[in-house]
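Starting off, we have a lone chain in the form predicted on its own, written out as structure tokens.
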């Protein structure tokens, strides 16, 4: 009996140390986030003006309506272009790639390409986009050039996230759909994709957050515009919120500094809204999946 007490005491000490390590790791993750949010709010709120949301930028003063609308247009375009390509690529890798004669699953080259593309620096993609789209194809600084570069940058995250989410769907879901007489395409759309929706939505959210916070690719492709976005894909620059955050802080003007922090605060709010929307979609899809199981 005496030997059991030291053993149980060691287990309690080990459990306590593990819990303390997990709490420290949580603080290491949450602490910088709270610090950044508190710093932005502390500097933006005292000088906040609601007219920032309804007036365009004039030099280094005015408002940020043009940048807000431009950011929303860019996010919507990335969602459509990168979302479609990335989700379809993930579906192909997870469901349609099949196996070759040697028993190995196809799609290895595509997976390797997406991993390599995910590791390319965004400023390098922006430079390539500038040389190829803006200069070589004569698109000029434009919305389409910015969307192409941003979409190429985030497609790997959506593809890998979609593939992972689909592979986590239990095999008996597919077998049940086939046993009920569903075609493979119909079962994929109605059963498998619905079950994988939380993971797919999460990958789309990550892609939108990454693209919404980028500056270097947009400097090369979209430049900057102080007016509202126009219905033109070529030879028309566009405004975005990261430009005043990156640029206006260097100006010797308090008004420019206020706009920089206002733009940072609005970006935080947009990300928060994306998180709330994603959680709503995930919760609805999870309730749907539970209803199907019951």
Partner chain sequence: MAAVSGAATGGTPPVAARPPTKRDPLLQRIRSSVWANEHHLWGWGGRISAAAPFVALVLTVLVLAFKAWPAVKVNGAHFLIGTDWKPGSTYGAVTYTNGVPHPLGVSYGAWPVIVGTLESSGIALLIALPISVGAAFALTERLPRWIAEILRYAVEILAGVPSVLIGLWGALTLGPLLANDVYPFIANHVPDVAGFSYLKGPVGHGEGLLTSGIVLALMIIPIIASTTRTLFAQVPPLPKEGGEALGMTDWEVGRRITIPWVRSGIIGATVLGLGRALGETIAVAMVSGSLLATISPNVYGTMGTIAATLVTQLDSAFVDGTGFEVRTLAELAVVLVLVLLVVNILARFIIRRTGNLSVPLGVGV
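Positions refer to the first chain, counted from 1. The structure presented is a predicted model; accordingly, all values stated were derived computationally and were not measured. Each form is matched to the other, and the largest set of C-alpha atoms that superpose within 1.5 Å is called the rigid core.
Not pictured, yet referred to below: the form predicted together with its partner chain.
Colleague: Only one of 80, 182, 72, 206 gets a heavy atom within 4.5 Å of its partner chain in the predicted bound form. Which one?
Modeller: Looking at the other structure, the residue within range turns out to be 206.
Colleague: Of 201, 177, 144, 193, which one comes within 4.5 Å of its partner chain in the predicted bound form, counting heavy atoms only?
Modeller: By the 4.5 Å heavy-atom cutoff, the listed residue in contact is 193.
Colleague: Any chance residue 130 has a heavy atom within 4.5 Å of its partner chain in the predicted bound form?
Modeller: Because a heavy atom of residue 130 falls inside 4.5 Å of its partner chain in the predicted bound form, the answer is yes.
Colleague: Whether residue 91 contacts its partner chain in the predicted bound form should be assessed with a 4.5 Å heavy atom distance threshold; does it?
Modeller: Heavy-atom contact with its partner chain at 4.5 Å: present for residue 91.
Colleague: Does residue 43 reach its partner chain in the predicted bound form, with heavy atoms at most 4.5 Å apart?
Modeller: Residue-level check for residue 43: yes, a contact with its partner chain.
Colleague: Can you check whether residue 242 is within 4.5 Å of its partner chain in the predicted bound form, heavy atom basis?
Modeller: Answer yes; at least one heavy atom of residue 242 falls within 4.5 Å of its partner chain in the predicted bound form.
Colleague: Judged by heavy atom distances of 4.5 Å or less, which residues of 152-184 approach its partner chain in the predicted bound form?
Modeller: Sequence-ordered list: 152, 155, 157, 160, 161, 184.
Colleague: Using a rigid core superposition, assess whether residue 53 undergoes a CA shift of 2 Å or more between the shown form and the other one.
Modeller: After core superposition, the C-alpha of residue 53 moves less than 2 Å between the shown form and the other one.
Colleague: Once the two forms are fit on the core, has residue 228 moved its CA by at least 2 Å between the shown form and the other one?
Modeller: The answer is no; the displacement is under 2 Å.
Colleague: Checking residue 31 here: with the core superposed, does its CA move 2 Å or more between the shown form and the other one?
Modeller: Yes, residue 31 moves 2 Å or more.
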